[in-house]
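There is one chain below, alone, in structure tokens, taken in the form predicted alone.
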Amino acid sequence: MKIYHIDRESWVKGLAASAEVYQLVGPVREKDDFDFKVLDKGQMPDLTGTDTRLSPKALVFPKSEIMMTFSTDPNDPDCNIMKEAKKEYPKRAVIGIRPYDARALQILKMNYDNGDYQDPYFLNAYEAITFVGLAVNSPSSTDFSTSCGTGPFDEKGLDVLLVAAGEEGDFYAKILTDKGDAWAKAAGFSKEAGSDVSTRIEAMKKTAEEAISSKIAFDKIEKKTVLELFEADHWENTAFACINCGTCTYACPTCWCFDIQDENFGTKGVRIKNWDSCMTGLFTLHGSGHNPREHRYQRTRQRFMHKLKYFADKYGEGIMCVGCGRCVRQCPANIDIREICETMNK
């Protein structure tokens, strides 16, 4: 495994060089927060924030995506035939993705790439990306990633792990895959770090993990039956403050709910996949008018049962949460998944 030392000047030149081969994506400051955007020529990713307001899942699971096109013109030989929309998947390098967000994309991938079904839209976008992660040296107070099978220096799902080297603007770049090596070569990074760098990185990792005081446990949830948790008597009280706004689902890096709609423009039309949320009343409304999750507490229960029980039972890969803390920070009603997990576990 190669580890390069990248000084500030080399970093700027390297990103410019890699932009000749890759479309670069990175965090960009927007008012008081950060979001992942395609970087303009010469634009540098802003790596000063802990994480972004929304996760980078939109890179592989867009908020709105055209899947099919069709014509309703009776004179068109392809009338009423759905055709896959022409799409391009540029070779991308995502700079500064946090380790827990990279792990979240692997969780999404379990849903979109399994023995029953493979989603070409998701997989084509995912395979076109080189993930250049940035370790979290100073975790936030709402970070509980170490409880969720990931952590501030986790390497799963990454092609390169960047670690702030201590000097102003310098990084250590840990090359983890062939895709990561190809990006480093395109950037011209070749200065190998000293022989003691692995020890230094491990020490920083240990310090960062020990700084995470927030923990959750779900060992008893795993042993409970679905009905024991579903029929528990705390759900109405748990959901009392929830306004079903869906903020938690849109901010969450592992939520994958979507809706599919057809839209016509004259005789031309498209089939679109849009983000949706299990927290809204419309999500489960039947054409008959019946809604199996008519009440707010039922929708709140669905969200947390899915994340903490259904997913874990189905895939055997732990809970559907990476502990980023976005939902905790952004919920307008101060609902905390850590507290709900603790309630369910008890």
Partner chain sequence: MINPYVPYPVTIDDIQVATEDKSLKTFRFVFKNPGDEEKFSYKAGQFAELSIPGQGEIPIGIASSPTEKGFVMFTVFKTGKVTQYLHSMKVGETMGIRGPLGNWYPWDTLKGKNILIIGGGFAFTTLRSSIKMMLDPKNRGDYGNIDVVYGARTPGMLLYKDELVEWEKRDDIRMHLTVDSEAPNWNYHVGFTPAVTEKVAPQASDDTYAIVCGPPIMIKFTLPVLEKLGYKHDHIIMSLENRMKCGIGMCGRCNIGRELVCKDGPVFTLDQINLTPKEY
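Keep in mind the model is a prediction, meaning the values are calculated, not measured. Numbering follows the first chain given and starts at 1.
Another form exists, predicted together with the partner chain; not displayed. Remarks below refer to it.
J.: Looking at the partner-bound form in the predicted bound form, is residue 230 within 4.5 Å of the partner chain by any heavy atom?
T.: Judged by the heavy-atom cut-off of 4.5 Å, residue 230 is in contact with the partner chain in the predicted bound form.
J.: Quick check on residue 243: any heavy atom within 4.5 Å of the partner chain in the predicted bound form?
T.: Close contact is absent here: in the predicted bound form, residue 243 is far from the partner chain, nothing within 4.5 Å, heavy atoms only.
J.: Would residue 209 show up as a contact with the partner chain in the predicted bound form if we use heavy atoms at 4.5 Å?
T.: Residue-level check for residue 209: no, no contact with the partner chain.
J.: In the predicted bound form, is there a heavy atom of the partner chain that lies within 4.5 Å of any heavy atom of residue 64, even though the partner is absent here?
T.: Residue-level check for residue 64: no, no contact with the partner chain.
J.: Let me know the one among 271, 92, 179, 205 whose heavy atoms come within 4.5 Å of the partner chain in the predicted bound form, would you?
T.: Spelling it out, the residue with a heavy atom inside the cut-off is 271.
J.: Select, from the options 40-48, 317-325, 27-35, 280-288, the stretch whose residues sit within 4.5 angstroms of the partner chain in the predicted bound form by heavy atom distance.
T.: Every other range fails; the passing one is 280-288.
J.: Residue by residue through 306-336, tell me which have a non-hydrogen atom within 4.5 angstroms of the partner chain in the predicted bound form.
T.: 310, 313, 314 sit within 4.5 Å of the partner.
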